[in-house]
Each structure stands twice: as C-alpha cells, then as structure tokens.
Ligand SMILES: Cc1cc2nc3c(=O)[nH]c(=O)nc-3n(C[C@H](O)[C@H](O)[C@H](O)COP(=O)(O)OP(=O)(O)OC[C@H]3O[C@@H](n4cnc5c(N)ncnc54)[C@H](O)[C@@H]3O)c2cc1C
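Single chain ahead, by itself, as structure tokens, in the form predicted on its own.
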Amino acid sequence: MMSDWFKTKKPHKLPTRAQPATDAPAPRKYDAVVVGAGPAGASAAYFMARDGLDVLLLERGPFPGAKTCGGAAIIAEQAHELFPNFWEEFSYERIVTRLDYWWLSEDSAVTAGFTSSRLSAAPYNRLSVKRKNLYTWLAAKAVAAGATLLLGHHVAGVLLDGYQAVGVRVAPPQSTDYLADLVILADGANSLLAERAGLIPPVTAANLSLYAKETIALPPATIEERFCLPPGQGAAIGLIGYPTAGYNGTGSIHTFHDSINISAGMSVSAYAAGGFSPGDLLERIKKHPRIQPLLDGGVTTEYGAAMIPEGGYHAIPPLVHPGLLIAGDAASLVNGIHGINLAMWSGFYAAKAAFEAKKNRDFSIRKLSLYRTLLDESFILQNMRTNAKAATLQRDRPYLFDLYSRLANEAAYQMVRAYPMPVKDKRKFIWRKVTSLQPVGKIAADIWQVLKVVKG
C-alpha cells in the first residue's frame, strides 16, 4: 500500500515507450486526462470535475460529436439517473412512443410493434436524440463542472512510465504532452490508443460492425402523418432481414423533429464476405417498397458511417491498467442496439473509481479495479453476460436474420392469400412452402440454439 502511494507521488521519469517532444512547453499535470468527448468521456469528465478533480478533456474534432452522423433513441430513465430531469435542459428531438420491429423480405414486411400514450409521460421511456447535440451538451456539462475542454487535439499516444500510464501525447500541430495521475480512454470503437500502448489486442473484423447512416429532412407534420404519430412524439423501428443482403445485421429508422434518420450495418467480416459497401445496404433500405414512401420528397442533410463494437461480452478487453481505464465503445460496452446509455454509465463508474484512487493517492490496478467491480455489479455487464452467446450464434449462423425474415414473410403471404382449396389443403400447402426454405430439422436446431441464447 505504502509502496503504491510512494509510486504515485515520486517524480515520473521520462516515458519509456513514448519520448516527449523536445520543443514542447513544460507539460502541466492533471488529476485525470480523458481522451474523447463522446458520451463516455464527457460523462467521466463531468462526474470527476463535479467531485473536485482537475480534469482535462481532449477531443479530436472541432466540436464534440463532429464526426458523428444522425442519432438514436436513448433510454431516458437510465440517463435520468445520471442527469436528473435532463430533458429540461437538453434539446431532444421527439418522445418515442412507438416501437416497432420489421422483418423484411424483398417486397413485404412482417411487423410487430407497440405504441402507448403512457410512454409520453416523464420521466419518459425513450427520447430520440441527435448525437452531436447530445455530445455537445454533455461536454458543456463537464466544462460547467470545472473540466478543461480542448478541441482539435488529436491524441497520438499514451505516455508510460514502465507500465504506469502517466499522460498522453498530442500530435501536431500542438505537439504537447499532458501528464496526469489517471488516463481514461474513451476514443471510440477500435481504440488504436489502447492497442498501440499494448493494453488490448486488435479488434477483429468479426467483432466490429460498420453502419451507414443518412438523415433526410421532412416537415414535422409529414413525419407525424406517415408514422401515425401525435405531434412531438416519435418512432423507433428496427429493420431485420432484407436490408443486410443475406447476412446478419440490422437497420433502423428514427424520427427526429424535422427529419428521419435511417441506418444499416453489419460486421466488417460480412462486408468482406459479401462484397458489399455500407452504402449498398442503405440504398436497399431506401428503395424498399415499404420504406420508400416514408422518405418520399425528403432532402438528405447528412450522410456518414460509424463503427460499433458488437462482439458482445466475450469481446470486452482488459479495462483496468496501471493509471488507465477504458470506457464506452473503446471498451466494447455495446449490448445489441444499446450503446449510448452504457457509455454514459461506464463514464460515471470510471469517475467513481478515479475519485477513490485520488482520495487514496493510489492509481494502481488494485485500486482502479473498483471500475470493473462497479461495471460487473451494474445492469451493463449483467445484461451483456445474459446475451453473451448472441454474438457467437450470429457468427455460427450468418443466415439467421435473412432466412427467417423471408420465411416469416412467405408464411404470412400464403396465409393472407385466398386460394380455391379446402383449409386443410391450404395448411399443407403453406407448410410445404415454409419447409422448402429450411428443412424442419434445421428449423428445430436453429430454434433450440436461439432458446439457449435467450435463456442466457
């Protein structure tokens, strides 16, 4: 214990894996340097600054969320626990009261959904948000709490004293080193900083997904008419099957105040196997006969892509290192369609661990392991453990989403069609149609595997 305390107090010798720039000004030392002003980094910076730590938040872009496109539906109650009544100061897009899933074939859709006016009451269930607005608001909270935010700072590497992280190096034109007792990496999916520092293994193509996103402007009244929504309320629709061209993956539609955001994506390894580009998937969605009328007359205002770590629980790398924590997407903390809330909570837990480490002047792995303990005890890792087999199921059965979407649509089509035949014969006819797509034995095996995943 005393040796650890002494280690944190003694002067740091020059980094052994990254030498400081000789023409850089004398570096200032902070309690914590956070890399990345996304939901994880900005939340960590806010809670650490609120608790009295001297915090530097570094963002590569000209503003938080500069490299993002579109938005998502955040789970309002989870965010409310961290930022009480946040909707009173943050400009969200719509209150989501309609949740749908559409299993698509080439020309049809089997849908399941739920809508309720009860979901429109505070503290709400989900709120649609634009990512850049959310990230900017979170970073502003951190600054208001006392954190220093530097924009346009590209962190090139982690400074190490032996195995202890002691700061970060910013690339030109600043060419500056910033020292800190604690470094929190929240630099997004595929954290090259952690990888270059030898802290995590490279992210595999199977565990990393690439999503294309497009925002299409439409008048608010048109959006509400086409999605059957009361004024101010919104819809979130998950798209499965046809959009991802025969591979497991997903698409989505989110309604904003005066625009619609659509996205589609799948694993990088699936793109390589199928020879598709992310833009190809987006075009499939936009041209689908059920979706095209929803977008008709709209004007594209944003187009981009985003990488999302979707390897699940078993892809989570080591998150705690001497003087360093990894949070948010950089930590692969994404559970299905849920990522933003998990990122904010991981930033909160990292801040809790940082505060205890600062109080005890101990930034060793032993003390910082509080971060992993808090994650283990939270809904974040409990839910990810429950779904731990989902990623393996999708890798082992890459046809699952597409095949069963086509199967469901074929069965539904045959059921609603009127044939000049007895009901008993029609049932046999439908059964033959369905089993021609997948033999009964394989259907049973797939169902068994899905049930094992659901059981956890």
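Quick note: we count residues from 1 along the sequence shown, nothing fancier. It should be emphasised that the depicted structure is a prediction, and the values quoted were computed from it without experimental measurement.
Although it is not shown, the form predicted together with the named molecule is what the next lines describe.
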Fill in: Among the candidates L403, A411, A388, A66, the residue which, in the predicted complex, approaches the named molecule to within 4.5 Å (heavy atoms)
A66
Worksheet item: Which one of H321, R284, H153, K358 is close to the named molecule in the predicted complex, taking close to mean a heavy atom within 4.5 Å?
Response: H153
Practice prompt. Among 68-76, 366-374, 103-111, 268-276, mark the stretch whose residues have heavy atoms within 4.5 Å of the named molecule in the predicted complex.
Written response: 68-76
Discussion item. Test of understanding: in the predicted complex, would A40 fall inside 4.5 Å of the named molecule by heavy atoms?
Written reply: yes
Discussion item. Please determine whether R94 contacts the named molecule in the predicted complex, using a 4.5 Å cut-off between heavy atoms.
Written reply: no
Discussion item. Residue-level contact is defined here as any heavy atom of the residue lying within 4.5 Å of the named molecule in the predicted complex; does L193 satisfy this criterion?
Written reply: yes
Discussion item. I'd like to check something about Y211: if you look in the predicted complex, is any of its heavy atoms closer than or equal to 4.5 Å to a heavy atom of the named molecule?
Written reply: yes
Discussion item. Could you pull out the residues of 126-146 that have any heavy atom within 4.5 Å of the named molecule in the predicted complex?
Written reply: R131, Y135
